[in-house]
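First comes one chain, alone, set out as structure tokens in the form predicted on its own.
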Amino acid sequence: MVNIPLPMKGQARELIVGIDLGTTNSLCAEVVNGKPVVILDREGRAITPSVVGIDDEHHAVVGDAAVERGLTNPAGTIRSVKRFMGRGLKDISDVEVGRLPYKIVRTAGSEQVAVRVHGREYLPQELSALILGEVKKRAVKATGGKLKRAVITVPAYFDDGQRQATRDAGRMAGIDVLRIINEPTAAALAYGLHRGKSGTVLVYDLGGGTFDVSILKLTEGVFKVIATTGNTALGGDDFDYAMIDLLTAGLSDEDKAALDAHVQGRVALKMAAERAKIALSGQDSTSIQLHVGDVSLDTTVTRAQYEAAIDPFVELTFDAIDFVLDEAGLDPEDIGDVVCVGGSTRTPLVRARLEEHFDKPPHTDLDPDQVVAMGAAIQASMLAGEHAGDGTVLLDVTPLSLGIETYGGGCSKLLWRNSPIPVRATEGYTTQVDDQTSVDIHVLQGEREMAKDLRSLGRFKLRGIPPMKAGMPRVLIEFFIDANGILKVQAKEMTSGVEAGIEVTPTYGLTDDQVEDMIFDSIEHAEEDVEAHLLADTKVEAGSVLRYSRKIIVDRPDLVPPPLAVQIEAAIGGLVAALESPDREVIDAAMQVLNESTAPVAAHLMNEVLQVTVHGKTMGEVLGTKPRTKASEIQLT
């Protein structure tokens, strides 16, 4: 039995969170002073759009950055991937597939679907892992903590395959998934309905892409889903398409065909429809102006028109309510509480119909976009404390953190000190050099940030990787410590299937005093270690900015007149020189100069395809963001 030490001064606290991996948006929350609190990022945002953008070189951006680039990269902008988690091609309707700007295909040798983008296939789990990774990154940056454990929510009707796919996505994002729980259960927990002795709760969850309704029976503080049904192809997206029909009703067939044939135009129209839908939740009418090529649209839509258009979809949700009531053998008056979940429940028509149907107003006090994450945080907090008290079993733990050396000499931690064992962790990596056919995996132990300051546990090579451009290979590395404290490290390149591994004993050769010395050493050098790691990461980022800046000059000379080319070349030279400096701020400043030099080209690329105004606003204002000038990317694992 090992006593788990309290966090020492200077150590980052461990975050144990609840994550709502949503179809449209994702977010996480933690329990602070006994209450669930949504974690806001450094810019004050609670929500991460569940959107992944992949360019033609297969570099990815996630969340708001992906939404921003949606107009210029519609075929590489992936939304609503949750709809395809753990599903086969036969499970997806032609209507669902037909609306998408990207292709859904069947993976080789199985019925599982994949998303084909720019000639390459991605599993829904991989894309969801990128979304989870972005949620994790924002939470870590905002709190300064370590996020390794989480409860993740899924719709109550998700089957075993869909739940396992969600768990796999969590593992690929480097998250130990404590439990997969049902979204309606999480919502009921958030409202504190578990504090009652008994009761019956109906959860109405209408999100962006999916709908489900569940009836929960509460007995002595234990929730049980007694009836559920859902539709993975019904949600706010359908409301958007109904709005599109209203907006284009006055156009000629010729203009409609021209607009439909314009990929960026379809994306812009969808965005304008969503803005109009949101506006009508708080006002009686809204006006939309849209200009795509030779097609101009200028129209006003009233709430009455909109509600008439979406009424068939709302009616479908009440058919589902009647179905689950019948399945549970209940009448509307038997329901004690009605809980609203999902952004689309802000629609006044939905709330009015629910109150009419159950003769009581639904619970809407909590933000419907946040309530599931808050409930998941409560569940995570419960699980984190379930070993406390009499009769509990204390697990053995890892004495020191474990990780691998990354490009630039830093260390990427996969397992943190004091992780209970047995334990497993998986993260994805890629290459930094073109045509790299092998990867050297260096396994490290300790609390410092740089590989040179850590204890080496072993090395092995992953050979046989097909020659590809830097960033293309997807190397999945898994650490597993069994109950005997034996560490097994496996590496697999996902495209080719080649794999290799090593088995080591993490604590071999270390006394308790040595472990303690390593921990105190990490605290003593924490500030300089973090700075060294940041410098290494900055140099890697600078190399990426240089590569893309040079590519702009070669690939788009029409956008780079001679004076601008001279300016960009000078900025490139400045960054190359700055990379010789040990000062991270000098490199950051040189990167900023280069980013500002290429900003006119980036702006032109955004504007040359399409100019859209909604109420006289620019596209950036429509999105609620400013155009980005700094190159920001995530290399896809």
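In this text the structure is predicted, and so the values were computed from the model without any measurement. So that there is no doubt, residue numbering starts at 1 and follows the sequence shown.
What follows is about the form predicted together with adenosine-5'-diphosphate, which we do not show.
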{"query": "Contact segment among 125 to 133, 402 to 410, 552 to 560, 273 to 281, judged by heavy atoms lying within 4.5 Å of adenosine-5'-diphosphate in the predicted complex", "finding": "273 to 281"}
{"query": "is_contact(Pro184, adenosine-5'-diphosphate) in the predicted complex, heavy atom dist at most 4.5 Å", "finding": "no"}
{"query": "4.5 angstroms heavy atom contact with adenosine-5'-diphosphate in the predicted complex for Lys148", "finding": "no"}
{"query": "is_contact(Thr248, adenosine-5'-diphosphate) in the predicted complex, heavy atom dist at most 4.5 Å", "finding": "no"}
{"query": "Partner proximity in the predicted complex: Glu447 to adenosine-5'-diphosphate, non-hydrogen atom cutoff 4.5 Å", "finding": "no"}
{"query": "Option touching adenosine-5'-diphosphate, based on a heavy atom within 4.5 Å in the predicted complex, out of Asp237, Glu427, Asp168, Asp337", "finding": "Asp237"}
{"query": "Candidate from Gly265, Pro155, Gly174, Gly209 lying within 4.5 Å of adenosine-5'-diphosphate in the predicted complex - any heavy atom", "finding": "Gly209"}
{"query": "Partner contacts in the predicted complex for 316 to 348 (non-hydrogen atom within 4.5 angstroms of adenosine-5'-diphosphate)", "finding": "Gly342, Gly343, Ser344, Arg346, Thr347"}
